[in-house]
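Below sits a lone chain in structure tokens, taken as the form predicted alone.
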Amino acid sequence: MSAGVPEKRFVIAIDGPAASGKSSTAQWVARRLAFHHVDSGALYRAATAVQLDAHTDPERWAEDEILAATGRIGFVPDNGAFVPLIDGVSADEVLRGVEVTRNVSRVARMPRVRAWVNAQVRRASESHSVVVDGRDIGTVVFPNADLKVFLIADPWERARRRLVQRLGRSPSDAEIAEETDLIVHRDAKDATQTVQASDAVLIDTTYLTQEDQVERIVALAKAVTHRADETSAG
């Protein structure tokens, strides 16, 4: 067994509010355990991006037209992760843009779009051990995940981290305050889709480095594996 990784396919579900560090932490955990990273939020962002290409008023977006637009989206393994492609091309910079961020919540609330995203994510886990982050991962997508983690952090800190990632520099207090307001409003919109599973491990990352977050989750995964090995041997 390499790096404490079980022989069977293993699912780690990481949930939490927007900008709580789910995706970057999940990437590191997946790399440490030689799993594949699956960012379900990237699929919602991809669906939002292709709909923005239609240049229609987001207030008038309909579920049917968004589902039709998802035909342009692929979800493929690449260098230890599953990544969304738009028209066969990587579009990561577009997916993290302001317009996508502003409108992704309205797309993510659409039940059939959520069902489409969940189907893509489950399919990814059929052939790989995965670390999956996003919405409803431990409650709806993988209710029987081997390990569930729920990350939280103070909104100001979440805003600061997001701006550092986006701007590549230390943001001003005014910039953080503006981003914090967006995050608080996003939390209110996402409340019904960001629920902690009853058996998830809660980790407050406000004062943790990313290395600390990763170490805790890797240790938890290895503990689950060890218990499973003892049970099967016993």
Ligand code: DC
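Fair warning: this is a prediction, and the values are worked out from it, not measured in the lab. Throughout, we count residues from 1 along the sequence that is shown.
Below, we turn to the form predicted together with the named molecule, even though it does not appear here.
Enquirer: Please pick, from A81, A91, V104, A159, the one residue with any non-hydrogen atom lying within 4.5 angstroms of the named molecule in the predicted complex.
Expert: So the residue touching the named molecule in the predicted complex, by this definition, is V104.
Enquirer: With the named molecule left out of view, choose which of R72, R122, H128, R96 has a non-hydrogen atom within 4.5 angstroms of it in the predicted complex.
Expert: Of the candidates R72, R122, H128, R96, R96 is the one lying within 4.5 Å of the named molecule in the predicted complex.
Enquirer: Which single stretch, out of 38-46, 61-69, 25-33, 203-211, brings residue heavy atoms within 4.5 Å of the named molecule in the predicted complex?
Expert: Within 4.5 Å of the partner lies stretch 38-46.
Enquirer: Answer with yes or no whether A108 is in contact with the named molecule in the predicted complex, where contact means some heavy atom within 4.5 Å.
Expert: Heavy-atom contact with the named molecule at 4.5 Å: present for A108.
Enquirer: Is D190 close enough to touch the named molecule in the predicted complex, meaning at least one heavy atom pair within 4.5 Å?
Expert: Yes - in the predicted complex, heavy atoms of D190 and the named molecule come within 4.5 Å of each other.
Enquirer: Would R114 show up as a contact with the named molecule in the predicted complex if we use heavy atoms at 4.5 Å?
Expert: Flag for R114 set to yes.
Enquirer: Within 116-143, which residues have a heavy atom closer than or equal to 4.5 Å from the named molecule in the predicted complex?
Expert: Sequence-ordered list: G134, R135, D136, I137.
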